[in-house]
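Only one chain comes next, encoded as structure tokens, the form predicted alone.
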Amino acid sequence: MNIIIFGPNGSGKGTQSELIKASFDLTHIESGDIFRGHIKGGTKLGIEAKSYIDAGELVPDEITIPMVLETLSDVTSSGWLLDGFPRNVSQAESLLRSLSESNTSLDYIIEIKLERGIAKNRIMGRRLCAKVPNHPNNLFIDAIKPISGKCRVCGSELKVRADDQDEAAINKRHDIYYDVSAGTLAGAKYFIENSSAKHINVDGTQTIEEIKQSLLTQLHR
């Protein structure tokens, strides 16, 4: 089973990707991990990508696309879940063409839908338990809202990640994702309209468990 998942930062896309990976024994391919792997390995593409990342710029398609395609071709498990790619129409066209040329099937396109304002609040509302970082706390999600300013699970102090409060960086990422003309949503639309994969829409305002159950119900080998 091969899947592409779309969703803005703050939608819980990473969490759901890990749950799907575990349920169907898939290889979770995340674009950020691909960059880090190439940079750590000192590959030619990695060195080129690092120069853009260090400058705070997006890595160009001519570097990103070969990295992703190479990673997909190396998957030996029962399938893959691609997360964080494509991010524009050009990447979508290249990926779809590559899948067709290699006779690789794409079975599902998952889209977690969440309004931009809610996604931003969820990022800025995240709080980390000082004792157990995996304890979920978020100021803007009632189900996991801290209790009296303390961790809702164990009562410990809460910390804030600096990047979760970088409003300019959040806006920049969301500008790319929500752009229906040239951004990620444009790439998603291209894939939905030009591939035979089943399109699964999920309401991102639901709880983690509700989204998980919705996805598992609709995903079949």
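Superpose the two forms; the largest set of C-alphas matching within 1.5 Å is the rigid core. Throughout, we count residues from 1 along the sequence that is shown. These figures come from a predicted structure and were not determined experimentally.
In what follows, reference is made to the form predicted together with a small molecule, a form of this protein that is not presented.
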item	value
Joint contact, R36, V59 and G84 to the small molecule in the predicted bound form, by non-hydrogen atom at 4.5 Å	yes
Touches the small molecule in the predicted bound form: P66 (any heavy atom, 4.5 Å)	no
Close approach of Y52 to the small molecule in the predicted bound form, 4.5 Å, heavy atom	yes
Contact of H28 with the small molecule in the predicted bound form (heavy atom, 4.5 Å)	no
4.5 angstroms heavy atom contact with the small molecule in the predicted bound form for R173	yes
Segment that reaches the small molecule in the predicted bound form - one of 85-93, 109-117, 132-140, 147-155, heavy atoms within 4.5 Å	85-93
Per-residue C-alpha change between this form and the one not shown, L26, threshold 2 Å, rigid core fit	no
I39 C-alpha moves between this form and the one not shown by 2 Å or more, core aligned	yes
